[in-house]
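First, one chain by itself: the form predicted on its own, in structure tokens.
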Amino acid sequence: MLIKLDKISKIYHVGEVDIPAVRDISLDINAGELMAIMGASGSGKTTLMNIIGCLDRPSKGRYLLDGQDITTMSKNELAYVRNKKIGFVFQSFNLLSRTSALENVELPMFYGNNLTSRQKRARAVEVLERVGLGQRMKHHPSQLSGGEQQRVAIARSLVNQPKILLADEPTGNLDSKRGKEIMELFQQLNKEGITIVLITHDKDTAFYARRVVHVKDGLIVNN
């Protein structure tokens, strides 16, 4: 079991009002899955992603990632887990505009990594080739299409060899053709053994997942 959520809740305190974003969710995700967490805006799916990605802590419950109890970790320990075990892909790409694709992909390796500069460069080249950008790695984001920018973001998420890839609305800024190409890339990466969790409201994106979990009002309504 790669991920185990046991009765997880997240409550936000706004003044004197408690707002439950996630309520008593239990969910198991096995290594090698390609899964979608699907729900409308405000359903709790992004809060759930933030908890799975160690970006936020649950208010209640227990979260085990790769056998480690995440809920008891310090901020520094959580940052280490995020860097080593989780790759993130976002709708907005989040690339640095003044650096090349290659340099963008190298960035995550500058934190808590013992690789030499040559090893970092070689690994960045390898993952860019893996996502089909071997000929575009010296280009800046402004010289790349939206689909190519998302491929750079995916390469960056893979460079530290994470256990899990979390993709939040990964096709949201792409047209249907580019979105299809990105989802086919996720399928290929999953066949290579990478666990992928998609966060989406889009049925066309969820179609590519092997399992779809629907979230509504902070609850899983099917699994």
Partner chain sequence: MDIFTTIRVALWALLRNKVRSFLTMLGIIIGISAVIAVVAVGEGATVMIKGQIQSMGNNLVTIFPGNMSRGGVSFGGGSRSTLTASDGDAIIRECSNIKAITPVNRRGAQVIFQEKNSWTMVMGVNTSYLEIRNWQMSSGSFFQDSDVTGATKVCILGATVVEEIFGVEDPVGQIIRVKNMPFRVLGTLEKKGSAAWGQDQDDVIVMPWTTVSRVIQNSQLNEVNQVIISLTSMDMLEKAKKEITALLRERHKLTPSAEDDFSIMDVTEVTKTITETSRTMTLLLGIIASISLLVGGIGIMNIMLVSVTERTREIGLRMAVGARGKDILMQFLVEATVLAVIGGIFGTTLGTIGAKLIAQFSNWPVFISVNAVLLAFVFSAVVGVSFGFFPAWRAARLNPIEALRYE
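Note that the structure is predicted; figures quoted are calculated from it, not measured. Numbering follows the first chain given and starts at 1.
There is also a form predicted in complex with the partner chain; it is not shown, and the following applies to it.
A residue is said to contact a partner when one of its heavy atoms sits within 4.5 Å of a partner heavy atom; Asp56 meets this definition for the partner chain in the predicted bound form.
Although the partner is absent here, Lys138 is not a contact residue: none of its heavy atoms lies within 4.5 angstroms of the partner chain in the predicted bound form.
The closest non-hydrogen atom of Arg82 lies within 4.5 Å of the partner chain in the predicted bound form. Among heavy atoms of Asn50, some come within 4.5 Å of the partner chain in the predicted bound form. Taking a 4.5 Å heavy atom cutoff to the partner chain in the predicted bound form, the contacting residues in 81-110 are Arg82, Asn83, Phe88, Phe90, Ser92, Asn94, Leu96, Ser97, Arg98, Thr99, Leu107, Pro108, Phe110.
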